[in-house]
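Just one chain is shown here, as structure tokens, and it is the form predicted on its own.
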């Protein structure tokens, strides 16, 4: 025993009520470096030990806010600085769209780094050489006993006095815990631990590979892969032509849908189509909303052809030219529906009424730039 260094004096208690009373007495006696062990959480124990609030919450707060800030700056850099894209007329900087990603990164970074801080900073993982490990004291308090251990580094510690003190508090057994030579200087990068991690990684990787690449293709786990269905462009034997990509029967239309009759006849569209909507405040509001979403990225907010795409797409002509101002509503509606030159058609994205509302709003923009004399009175 002469070569061993004392770590603590530990006492075993049979009853939880005696333990709580003993902890209060230990605290009142001036001991500051002691710990309590129990096989399950005990309510009121932190108060009896007079433990200060944990500072781990500040660690969680710092890492959580750091994750939120990183997510915000990364998205801002991508969307505004490095690779700006206009999507449906939306601005480059879109804080509401950032919030879900910021929230997820906040939670993830706070949780992951808090656990890492506990394991590697507070507990010095993989430090498995604590003096209490593999002792009779720890075996008892891990099953059905309770214990108090007073460390020898406590300012008022005295071996004889500490043993007598624990016995006076009702300890059924008192142990002297010593440092072992192998755990005086714990190894952070233990060879056995690194080997254990390596073997575990290989086993997990192998099992995962087997499950995802072999087991799921074996019966009965392959029912999702081998089911009665038709794959696109696959060959069939009971139809002509022998393909799954069948075209609709000629002359049929979808229920509730009338095909646009002037796809290749812009002259007839301008002549025959009449705007069925009145230019009410509600109609103009819908037209403005759809124009700013679908039209303004190329035509500009006021129709001058000053594209907001910064060279990503050729600028279209202005909507205030004599040709456009003199064109009938049906002609503008036709262009929005089927497109013109490199402008695509928007029939699949904008409903018929919304397209007519856009036509009304374009007329408002044209009237604002080229007002009549009566408008100025």
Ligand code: HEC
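From a predicted model like this one, the values you see are computed outputs, not experimental measurements. Positions refer to the first chain, counted from 1.
Although it is not shown, the form predicted in complex with the ligand is what the next lines describe.
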Discussion item. Given the stretches 315 to 323, 49 to 57, 28 to 36, 62 to 70, which is the single one in contact with the ligand in the model of the complex, using a heavy atom cutoff of 4.5 Å?
Written reply: 315 to 323
Discussion item. Can you tell me if residue 358 lies within 4.5 angstroms of the ligand in the model of the complex, counting non-hydrogen atoms only?
Written reply: yes
Worksheet item: So, in the model of the complex, is residue 175 in contact with the ligand at a 4.5 angstroms heavy atom limit?
Response: no
Fill in: Non-hydrogen atom contact residue 273 with the ligand in the model of the complex at 4.5 angstroms
no
Discussion item. Test of understanding: in the model of the complex, would residue 362 fall inside 4.5 Å of the ligand by heavy atoms?
Written reply: yes
Fill in: Contact residue in the model of the complex, chosen from 269, 166, 298, 138 - any heavy atom within 4.5 Å of the ligand
298
Worksheet item: Does anything in 192 to 216 come within 4.5 Å of the ligand in the model of the complex by heavy atoms, and if so which residues, in order?
Response: none
